[in-house]
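So this one's two forms of a single chain, laid out as structure tokens and tagged structure 1 and structure 2.
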Structure 1
């Protein structure tokens, strides 16, 4: 049986009409109208549905293209893919009646699409992913250890001949990564001090002990929160900037250029930044302490206490040790922020996403290392009784 073609729609502006006429072993799909980038999925559905059914025996499918009014590469690809799908499902498939004006474009497409689509790479098994992640963690740890060794060696070289070092680069890095970070550190510390004082006041009010909120804020901000807030903000702001800067230099082969010219990238690029962070972090932390305590004072002033009462209670339990411990922690956190940020940047890979990955890795590693170090300090100082 040879069914007649459906009424054709002339003109490119009309939509494609695809009619599938099934008649025993031979099926004819009539395509009428334009088959191009503007063809809608709905128009192609009858053929997709027909091809999705499993055939009995080896029936024939003919794509009758007589009614095509427009054909582009996308349309040609659709025809070729349909013929491939039909043959894959056990049918004999052929296209017929292609208008002569579309022969060149169709031939070009047919000659190009001789190879099947490459199979997608197999999905990596969960256990393999875990293994890869663990191996990467070990590699990262080794790289960080090597870097710290190299950095330490550079510190010794610097101590031996400080006049040979470019101190101007330290000053520039200190301004960019430390001084310019003060406003954001101050804002965060102010809000944290305010929130802690407010929450504590809600509880202590029940016992009439609101005044001890000042002591709580003083001790926690000077010893714990000031250095921690400074470190986390510096990790997010300055450590990430180091990773991005050095990562971009790695991608642009500037690090390779330095190495081939006989310079040490650690000495020229990492050391000034790490020094800048170590020198500025304690100062930034000190500012965080005062601003945090100031934030707490507003709550107590709101509850009717005077500023003199608040500040005398706030500093009552803040010993010199507390200040020194806060200073020491900020100094170590500054070193961590600078070192991890620079190491991640220097170890950035190739490719357009290398800088992004280095920056993310730098910030995440910094925050983890800061949290772990802070815990070690807390336990260590408790055991030492200070």
Structure 2
């Protein structure tokens, strides 16, 4: 091995100094100073220039590490990378003179870099993904069906002995899930009625038939939009609250405790919430209908029509059938919001994200089921001529 370079001055200790000494079949690269995460790539330029030249014969390269004053994992990785680059260039490479205090960290870095990487996960075929999704959907539908069956059985037990039921819990749930939801439902309905009336007025104004906007708003809000808006808002507000509450109880093992004590979680926890949502949804829907029609009235009032004219035209085509259809939809949607929200909460899994997943699943499932039911009702009532 060639003699080392002259010792570095005190001012040179702040950066790595790499000196390449070529002599015969062996080349020695002396490293002096700190080699860590702060070492710049420029410090390795002399060695890179040497490795870029084609070797003659079978040269050897030795990294002399006796002059290192500091070394971390990043610096150890740089040494290993330099040795690998030398071997790829056709040279025999080795490191020597590593201070004993750096041997442990260098060994850890070498073991980490030589450890084989985990194999990439196998690619899943598209058809396999579709099959998994279909199987999950079937399991989900089965669980929801079992829950509806158990909930129906509890309804029959309640009808047989209503005096043995805790109606106070129903009243508390009705206040939280129904009464407290009126402001947000009213706001959304008001804006929807205003937007529908405004858009319709822009079209009918071309034909001088703006007054028929009142009829359009009245029928559409009472028959379709009022119950649908109320159901969707309740699903996002009250249904998600049911899923979160029961999901948190599932994670805290409170539901398991109820089952151990001989109580039915469906009767004690789900039934009061479903009843509360069924009883309050028609009232909330009725408020949504009135507020939506009121929002539409502001458009015609701005066009010069009187309030009496608007309201008389708005309620002229709203028959008893239309009102009963909207009331029936609200009742069914209320049951759907409460049942799906409670089922998702009771079926929540374990782990810190179980409540969030149950809440998200409850809201998404509720919206999908409500949209499907509303489509079925629309087609069914049309076929029946109602």
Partner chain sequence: MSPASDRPGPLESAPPLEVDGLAVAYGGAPPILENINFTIGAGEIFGILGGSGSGKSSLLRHLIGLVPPRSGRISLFGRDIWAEGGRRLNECRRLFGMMYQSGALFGSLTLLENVALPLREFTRLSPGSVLAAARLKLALVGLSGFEHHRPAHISGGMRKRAAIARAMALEPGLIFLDEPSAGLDPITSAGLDRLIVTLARNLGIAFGMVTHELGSIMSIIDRAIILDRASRGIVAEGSPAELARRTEPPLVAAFFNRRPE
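A quick note: this is a predicted structure, and the numbers were derived from the prediction, not measured. For the two forms, the rigid core is made up of the largest set of C-alpha atoms that agree within 1.5 Å on superposition. Numbering follows the first chain given and starts at 1.
Peer 1: Just one question: which structure is the form predicted in complex with its partner chain?
Peer 2: Of the two forms shown, it is structure 1 that corresponds to the form predicted in complex with its partner chain, while structure 2 does not.
Peer 1: Is the shift of residue 44 between structure 1 and structure 2 large enough to count as movement, that is, does its C-alpha move by 2 Å or more after the core is superposed?
Peer 2: After core superposition, the C-alpha of residue 44 moves 2 Å or more between structure 1 and structure 2.
Peer 1: Is residue 194 one of the residues whose Cα moves 2 Å or more between structure 1 and structure 2, with the core superposed?
Peer 2: Shift of 2 Å or more: no.
Peer 1: Does residue 262 shift between structure 1 and structure 2 by 2 angstroms or more at the C-alpha, the core having been superposed?
Peer 2: No, residue 262 moves less than 2 Å.
Peer 1: Would you look up how far the C-alpha of residue 130 moves between structure 1 and structure 2 when the rigid core is overlaid, in angstrom?
Peer 2: Comparing between structure 1 and structure 2 after core fitting, residue 130 shifts 2.9 Å at its C-alpha.
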